[in-house]
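Below sits a lone chain in structure tokens, taken as the form predicted on its own.
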């Protein structure tokens, strides 16, 4: 571990390469976290199946490439397909846990995650899948820093998606209905808003964001049927740190998490990268608990 840390000191461009690539990968985490923040804020559901929706989005792009379609077409197509999947999941299962205790929603979506994992394993096999975007890479500092074009596209798309989501929630009629429902569902119903439709659209929009994230993940990284849980944990951490109603903070937290995870993977070894993610989640939850406890002490 110390040897790897010394490499950062001896070869600063190597540190730049690790951090920059981590920031760009973090954009994919932010894209998936947008959806979790939306569902958590509006439906009051911790969507444990979030990562499996990302993986399904990746498989949609994988199938499109197998059928001869250009990989980048997979981003909008995966988003559209997953929008439909999200709508069906809400109407079939998720609507039953809205307004229930939050632990019921955790158990229900956890069961849904296991079901999707097994179906994906039966349909696509347990092999790791990836898609060659065929876009090449940029090289800087005599080739010491390499950045894949697909990661730059993911970064740009995350920023565009964040800005579009912000604009949609403030200016579109459905976006305003989503905000009203998030603030007070009963008042929204009294004012004539169909909250059932708003909940379904919110969950479907979340699935579409996951689909786009999964499409970029299969081009920039890899997917397999059991890779969903790390994406769920990353999205959960980003939302816990950033809050459910701050799109800019979600972007910043996602990029920071990507950089931290990449540095940890280099220093500790890639076999400990996921362990670092889970350890970081525990640390953040303990920190939030202690912070909340201090606030309660001040109120006494």
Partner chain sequence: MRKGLFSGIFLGLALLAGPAAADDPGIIRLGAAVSLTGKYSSNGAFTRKGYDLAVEKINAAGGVTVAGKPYLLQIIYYDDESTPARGAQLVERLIQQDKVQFVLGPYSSGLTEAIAPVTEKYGVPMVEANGAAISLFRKNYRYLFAVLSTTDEYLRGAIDIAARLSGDPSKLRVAMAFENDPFSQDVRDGVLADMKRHGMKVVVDDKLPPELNDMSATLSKVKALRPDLLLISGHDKGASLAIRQMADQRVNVPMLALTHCDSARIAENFGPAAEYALCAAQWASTLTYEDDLFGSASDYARLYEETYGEVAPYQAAESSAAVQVYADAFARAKSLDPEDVRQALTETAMMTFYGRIEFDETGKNVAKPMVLFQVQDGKYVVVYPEEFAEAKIRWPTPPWGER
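Positions refer to the first chain, counted from 1. Between two forms, the rigid core is the largest collection of C-alphas that superpose within 1.5 Å. Treat the numbers as computed from the prediction; the structure is a model and nothing was measured.
Another form exists, predicted together with the partner chain; not displayed. Remarks below refer to it.
K.L.:
Given the stretches 205 to 213, 182 to 190, 160 to 168, 132 to 140, which is the single one in contact with the partner chain in the predicted bound form, using a heavy atom cutoff of 4.5 Å?
P.N.:
After filtering at 4.5 Å, what remains is 132 to 140.
K.L.:
Would all three of 21, 146 and 231 be in contact with the partner chain in the predicted bound form, where contact means some heavy atom lies within 4.5 Å?
P.N.:
Checked in the predicted bound form: all three residues contact the partner chain.
K.L.:
Please determine whether residue 280 contacts the partner chain in the predicted bound form, using a 4.5 Å cut-off between heavy atoms.
P.N.:
Output for residue 280 is no: heavy atoms all beyond 4.5 Å of the partner chain.
K.L.:
Does at least one non-hydrogen atom of residue 14 fall within 4.5 angstroms of the partner chain in the predicted bound form?
P.N.:
Heavy-atom contact with the partner chain at 4.5 Å: present for residue 14.
K.L.:
Consider residue 227 of the chain shown here, and say whether it contacts the partner chain in the predicted bound form, taking contact as heavy atoms within 4.5 Å.
P.N.:
Looking in the predicted bound form, residue contacts with the partner chain include residue 227, since a heavy atom lies within 4.5 Å.
K.L.:
If we define contact as a non-hydrogen atom of the residue within 4.5 angstroms of the partner, is residue 266 a contact of the partner chain in the predicted bound form?
P.N.:
Contact check for residue 266: yes, within 4.5 Å of the partner chain in the predicted bound form.
K.L.:
Looking at the partner chain in the predicted bound form, which residues in 258 to 282 have at least one heavy atom within 4.5 Å of it?
P.N.:
Heavy-atom contacts to the partner chain in the predicted bound form: 262, 265, 266, 269, 270, 271, 274.
K.L.:
Look at residue 269 and decide if its Cα position differs by 2 Å or more between the shown form and the other one after superposing on the rigid core.
P.N.:
Comparing the forms between the shown form and the other one, which are aligned on their rigid core, residue 269 does shift its C-alpha by 2 Å or more.
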